[in-house]
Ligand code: NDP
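The data below hold one chain only, encoded as structure tokens and taken in the form predicted alone.
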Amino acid sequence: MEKILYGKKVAKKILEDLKIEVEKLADIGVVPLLTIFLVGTDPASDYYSKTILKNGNKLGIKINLISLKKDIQENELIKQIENANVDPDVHGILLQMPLPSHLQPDKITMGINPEKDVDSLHPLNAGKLLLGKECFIPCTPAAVLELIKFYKINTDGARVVILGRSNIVGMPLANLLLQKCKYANATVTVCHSHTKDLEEITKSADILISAIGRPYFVTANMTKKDSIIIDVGINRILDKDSKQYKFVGDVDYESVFEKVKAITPVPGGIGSITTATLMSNIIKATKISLKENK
């Protein structure tokens, strides 16, 4: 196995396969369309949206980015989502998280058509995922699985520790890795801000996955020798030397690098694959729409 697990290699393979699918759809006059709702100016969401636009243009997928003010009223946001739900030209809907504090994520995600819910936020899709049924897999957990498959990381019986219990990464990823199938079947522990003896738990991990959203949180003393580190975090910080903002992961890459067997970089790791898995879900949603409209 390579020491540095580059996500761009994985993404390139996924996007090459998807290009063929997009061309097949174009042959029958169908152009996949994703509508993104971006509320406010969260740096990570801005960065992700720009990456989606770039990859969508390369593939031939239309991206409609709707940027909304952070003080938008809840009813207005729900109304705009409902408009996208009933628009036959819109195949996928992505609601960027996190939302401003005055908005209720659970209430708003309930308003997304489950068949256009390409990040699997709707409870129906979340429930199907929990039961191992066919559904959209949330893009970031899907990206972790694609990395595991690409680099043939053995998860069968492995002790996996996930830092973070969010509904968009930690929880669905834990459910996916617990399932009885290849590249899963792991023994999974999910940690969070109230976890006691955190360092002892992370040091037991064969595979440590950090999705906690805190820059440089994971240090060498929290890792086991020859473990595999998958860094999901994308954090914007001010570089003291250049005085410029930069994106870093949850893991202190430099301190951890020599100790572990393999590690994903940030940027260039999971984030690269996340965009590709989103494109895959858009194609899937487009095909669902075609079946319904026959």
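If you're wondering where the values come from, they're calculated on a predicted model, not measured in any experiment. Counting begins at 1, following the sequence as shown.
The same protein also has a form predicted together with the named molecule, omitted here; what follows describes it.
Proximity of Val169, Ile234 and Gly271 to the named molecule in the predicted complex is complete: all three residues have a non-hydrogen atom within 4.5 angstroms. Picking from 70 to 78, 94 to 102, 188 to 196, 120 to 128 the stretch near the named molecule in the predicted complex, with a 4.5 Å limit on heavy atoms, gives 188 to 196. In terms of contact with the named molecule in the predicted complex, the residue from Thr140, Thr155, Thr109, Thr223 that brings a heavy atom within 4.5 Å is Thr140. Checking Ala211, Ala205, Ala174, Leu147 for any heavy atom within 4.5 Å of the named molecule in the predicted complex turns up a single hit: Ala211. The named molecule is not drawn, but in the predicted complex it has a heavy atom within 4.5 Å of Gly164. Contact annotation: Tyr216 falls outside 4.5 Å of the named molecule in the predicted complex, judged by heavy atom distances.
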